[in-house]
Structures are given as structure tokens and as C-alpha cells.
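To begin, one chain is listed below as C-alpha cells, in the form predicted on its own.
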Amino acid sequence: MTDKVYYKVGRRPWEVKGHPDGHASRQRSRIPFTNRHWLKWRDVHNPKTLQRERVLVDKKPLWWSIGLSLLLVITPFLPNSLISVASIFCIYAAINILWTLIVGTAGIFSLATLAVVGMSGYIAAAANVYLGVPWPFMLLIGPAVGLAAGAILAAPSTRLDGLYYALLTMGVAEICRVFVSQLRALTPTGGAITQVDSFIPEDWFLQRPGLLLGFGGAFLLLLGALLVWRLVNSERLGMILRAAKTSREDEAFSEAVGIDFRRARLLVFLISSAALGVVGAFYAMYYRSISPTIFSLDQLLLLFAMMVIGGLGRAEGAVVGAAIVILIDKGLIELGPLRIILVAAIMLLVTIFAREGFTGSRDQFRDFRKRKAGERRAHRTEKGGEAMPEEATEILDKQELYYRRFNKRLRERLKLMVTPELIEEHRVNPLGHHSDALARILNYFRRGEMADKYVIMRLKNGEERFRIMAVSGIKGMPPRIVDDREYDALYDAYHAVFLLRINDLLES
């Protein structure tokens, strides 16, 4: 008799697990200036080993640590040209992450990202070259200029939105380029400011020690951009914006439930602009000069290609897109103009076949796999001896169809119990002991799904004023108001919810 062979099924073998001491106190370090932890662990009980396990729920920080560590370890062993490419990648990845905060988190489609970087870099470089300001103070001048530029650009965002605001910011970037190009003081250098002091010693400039030092500074800049991303998205500011995304069309409702998304959007815009100012000052110090090409439409389109290829709204999309475009544009210079065509071809392919860039392809593949699995399960035509219809191939299992048919028969049975006497019984006594028919109907309502479930909201603490709301059942999505009627008694609100549920039952 041969030994049995057991195969591992499911994703449990790929989970990151630990075996903590059940008697020891649990201590976890937190991200500075926040109450968030670096890694999200969940304690579970293993029924097989009867031991306590600690499972890593969110693996993104782990992948970030591995990727950034590999970049930091491998770069010193690369040739000089590739070290320069790695530094440029870090700079543009930082710009992309901050731009994703503006476009994705704040929802402001601004095309003046490089304009803010350029203005900050120019003013910081001018202060250093013409006023003799030491280079460390450039890192303070840059964010101050970026904050001021962000405040100016944020003002029209309260009046304009979408395409009109994008065209406005694109015009601002072009005006900055023309203004710098036509300055008489910069005419001999073609609008550029040169001989800027840098954290890289002049003797090391374009030498291997200087390239490594420049990469170290660019790597710290990327870490700073990621920290800003984490601080904004994981704290109250980002949560307010995520909750307000579904209610921007109803501004009065957002304000009624305490969501001031206009203020939150402006704060994210100002924080990102100040951080872009730091990038601008670093850009001038890294190259020891700055030119009008920073404002050019070519640079903006390359930046936009990075966002499209990587995926909009995700930090990992900003970094992956920057890596692909920079590797092609700066690492394959021998291809000449063909490398730009290659970037355009990749962008078109990603737009056609990927839903949310490269970083969204994993979720897209999972949806495709689930859909195909549902189609295969649709061929199973029996459940408990009952023939099931060949319908709803998107449903993953026939169990869902079986449950829906059972629920339909249950609703038809409950509809026969709804009578004027039953409604009057609930109006007289909403809480307490009820008849068998009313108890059956109330139990069915209580076991219902969370989506579109009615709740009672007290308008003000200490006052008997209530309003009926409907929760969405989706995390981060605020409830919606059912009607504008207010109730002065809690029992009246209970009965109003009961009538709404009865109406939904009869119409189902």
C-alpha cells in the first residue's frame, strides 16, 4: 500500500506568519507623528496545531521594504551611467508620488506639478547664486515657495474643476517657461541659472563618489515623499477625502454629516505643493543648475506617461511607472527617438489591456479568474436534488442561486402576513412582545444584509429629534438621507423605519 500524498491547498502556505508568546505583552512601534503601526498584524488561532499565530494582513509595507532595500544595495555596484539613472528615477518617483496625492487623494486634476517644482528650484537657485544664501537654506526656501505657489494655484480649484482647471494649470506652466526664457538677467545663459551650490562637493561632481552621494540624497527624497503619502492617506485628512468621494455631488449632505472636503482637498494640495518645493530645491542642487526645460510640455507628458503606465491613485503605481519610463528614456539613449515611441506604445497597450495600469493588473486578473471560475461552476445544475437554472454565470457558486431562490419563497410567504392589523400592532407597540406573524417579519428584517439598511440618527445630543438614514454597507461610504422628515419621538421613528421596510418587502 502506497503512502498517501497530501498537497497544500489555498493561500495559507504563502502567508507571513509568526508564533508569538501568549504570555508576553504585545508591543508594536508606530510611525512617527501618527498612531499607525508600520505593519498590520492579526492574531489568529490555528485549529490544526492549536497554537496562536500572528498573520501579516497587509503585505504592502513588506514589499516596499524589500524593493527599496534592493535599490539601495544594488545601486553602488552599477556603472556610473546607471547610478545617474537611479538618482533621476528617485527624483521623478518622488514627484509622481506627490502628484498622485493631488490628483488621486485630493481629486484636483492639476498639471502645474512641474511648474511648482520649477518655481521653487529657480527661486532657491537665484537666492543661492545672486544673494549668497548657503545651500542648506535652499531646502527651506524651496518648500516656502512651493507653499506660496500652491496657495495661488489652489484658489481657482474652488471655482473650476476637471478639464477647465487642467487647462488653467497647463497655461500657468507655459507662462512660467516663457517668463524665465525672456528674463534679461538670464538671457546670456538661455534662461538657465548655473553655478548653484550643492551638497555634492565640486571636485566630486560627475565623479563616482559624487554620483553615489547624489543617489543617497535622491533616495532620501523618495523616502520623504513616501512618508508624506503615508501621513496624508492614513490619517484623518485622507479618510475624510475617501469618505467624501462618494458625496461630492451633494455638497450640502457632506457638510451635514461633518465632511468638509473642500478644506481637506486644499490642505492636501498645500502639503503636496510644499513637498514639491523641496524637490525643486533638491533638483537645482543635484544638477548644480536649472533651466526652462523643467517647465516644458515634453517633461509634463513624460510625467503623465509614468502615471498612466504605473496606475493612477497608488504610490506603487507612481514608482513603477517612473521606473519603466526613466529606464527607457535615460537608460536606452542609444535608441534615439525610438525610445519615445516605445514609451507611447507601452502607454497605449496599458491603457487598452490594463484597467488601472501595471499595479492594477493583479486585481484585474483576479476578477477575470473569478469570472471564469463562475462560468465553470454554472455547469453544475443540481443543488440538494433540485435542478438549478443556467443563469447568472457571474455568480461564483450555485449556493448563491440556491439562497436567492429560498429568500424569494420566504419573501412571498411573508407578504401574505402583512395586514393593516399587523401594521397597527407595530405602531402601538414597536418594542416588546409581538404576535407570531409580526415577530417573523421583524426577525427577517433584522437578519437582512447591511446594504441599504435603515438606521435612525439623532440630530443633536440631548434633543428628541430624529431622522432616518440608509447605510451603504461599504467601508468608507457615508450613509444617505432617506427623506427630509424629522421625528419628535423615537417610537415614531421606529414605526417609520418599519413602514419603509414593509414597503421594500412588498415591492421586492
Partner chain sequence: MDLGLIIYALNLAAIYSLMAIGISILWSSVGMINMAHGATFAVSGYAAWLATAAMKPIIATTFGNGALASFVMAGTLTSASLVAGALCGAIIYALAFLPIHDKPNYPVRSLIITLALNIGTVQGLLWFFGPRSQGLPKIFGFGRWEVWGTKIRYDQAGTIIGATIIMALTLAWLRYSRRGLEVRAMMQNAEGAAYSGISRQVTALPVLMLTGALAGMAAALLSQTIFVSPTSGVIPLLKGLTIALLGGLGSVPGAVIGALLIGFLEAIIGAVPFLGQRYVMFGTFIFIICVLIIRPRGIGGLLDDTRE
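Positions refer to the first chain, counted from 1. Source: prediction; values computed, not measured.
Omitted here: the form predicted together with the partner chain. The next part is about that form.
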Heavy atoms within 4.5 Å of the partner chain in the predicted bound form: does residue 97 have any?
no
May I ask you to check whether residue 171 falls inside a 4.5 Å heavy atom distance of the partner chain in the predicted bound form?
yes
Using heavy atoms and a 4.5 Å limit, would one call residue 188 a contact residue for the partner chain in the predicted bound form?
no
Mark residue 304 yes when one of its heavy atoms lies within 4.5 Å of a heavy atom of the partner chain in the predicted bound form, and no otherwise.
yes
Of 337, 420, 132, 432, which residue is found within 4.5 angstroms of the partner chain in the predicted bound form when only non-hydrogen atoms are counted?
337
Within 4.5 Å, heavy atoms only, which of 332, 163, 206, 140 is in contact with the partner chain in the predicted bound form?
163
Listed range touching the partner chain, judged in the predicted bound form by heavy atoms within 4.5 Å, from 155-163, 87-95, 206-214, 190-198:
155-163
The partner chain is absent from this chain, but in the predicted bound form, do 297, 347 and 354 each have a non-hydrogen atom within 4.5 Å of it?
yes
Can you name the residues of 94-117 that have a heavy atom within 4.5 Å of the partner chain in the predicted bound form?
none
